[in-house]
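Let's start with one chain on its own, the form predicted alone, as structure tokens.
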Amino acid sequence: MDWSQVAWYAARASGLVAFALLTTSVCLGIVLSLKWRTLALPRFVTNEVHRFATILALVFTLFHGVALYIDPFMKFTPAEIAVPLAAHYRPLWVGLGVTAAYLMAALYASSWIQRWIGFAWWRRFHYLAFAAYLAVVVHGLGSGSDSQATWAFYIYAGSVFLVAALLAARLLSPDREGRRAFAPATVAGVGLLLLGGWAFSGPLQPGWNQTANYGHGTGSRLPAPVVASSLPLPFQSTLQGRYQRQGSAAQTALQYDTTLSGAPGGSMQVRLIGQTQTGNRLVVNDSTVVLRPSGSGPVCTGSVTQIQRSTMVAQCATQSGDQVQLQIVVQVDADGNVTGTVDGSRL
């Protein structure tokens, strides 16, 4: 396992732990507002556990950001980690995570100024905890590489169900005057349905990476392209290079690094990421195709749309506006040497 994999696993694990701790903190906050108490867990104990879960969630969120920063594959800059919408990788969904982290820090710090702002305003400010929680859920589903994994789905679904059930109990519990918050409960229910509809039509669908990251695949930092008028289309080139397989069954990466002979020449990299199943078959979740023509030709970036045995069909686009379909045929020998052909045509 190389350093890139260590950093990537650390980032994924710390993000999931932070999410679990945030879920715990939100649930305990609702329980405290419901004034549920037992002899085994008096209110002051629950309150301290709530605060401890919140600060631990912040610690693991910080660790998550550091792990992403030191990951040599993603190559996030400090600004991308700290500033919402600044990331080159899935900027909207990553930005929601950054915003949620700041909200969590502000909510924790608000306990220090409660005596000056008063309990009523402190309590109103704490409603932002639900906004932070929702932002983290959308961040995890939208930017996480494990969103389509069955185990990840159960983690997100279980967390949302638990928070929603406690929130429903809180909103529908009568206050001192016997009133129930039916309107907020209805809004929360509609929001939950919208979240579920978005998840099942977006992050949980194949091909989400193409939509989520504007066609830039896994988000690896690419060299700045030299923009030219267009690619010479159609073309057919032979290719040769190397193949490598990294990771585990839960997260496997296949990479083909090849050079092209004939027009347009240059190089092409294909990277497939997914889970290995029975028979060593890879179920692909994300992919990247980068075609770098020789000379001043425009770089074409995109993703694989279809795989059938040794043939891959991909689509890529250039900054000059070319929309290209690639048919890639590869053969890999026992030593990891790659040979084959690539045909390019205009979409």
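Note that the rigid core is defined as the largest set of C-alphas that superpose within 1.5 Å between two forms. Numbering starts at 1 and follows the sequence shown. These numbers come from a predicted model, not from an experiment.
In what follows, reference is made to the form predicted together with a small molecule, a form of this protein that is not presented.
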The small molecule in the predicted complex reached by all of 15, 61 and 140, non-hydrogen atom within 4.5 Å
yes
Would you classify residue 156 as touching the small molecule in the predicted complex, given a 4.5 Å non-hydrogen atom cut-off?
yes
Please determine whether residue 258 contacts the small molecule in the predicted complex, using a 4.5 Å cut-off between heavy atoms.
no
Can you tell me if residue 203 lies within 4.5 angstroms of the small molecule in the predicted complex, counting non-hydrogen atoms only?
no
Looking in the predicted complex, any heavy atom of residue 98 within 4.5 Å of the small molecule?
yes
If we test each of 104, 163, 270, 231 for a heavy atom within 4.5 Å of the small molecule in the predicted complex, the one that passes is 104
In this chain shown alone, the residue from 81, 263, 192, 128 with a heavy atom within 4.5 Å of the small molecule in the predicted complex is 81
Based on heavy atom distances of at most 4.5 Å to the small molecule in the predicted complex, which listed stretch, 184-192, 233-241, 132-140, 116-124, is the contact stretch?
132-140
Any chance the CA of residue 61 moves 2 angstroms or more between the shown form and the other one, core superposed?
no
Large Cα move at residue 271 between the shown form and the other one, threshold 2 Å, rigid core
yes
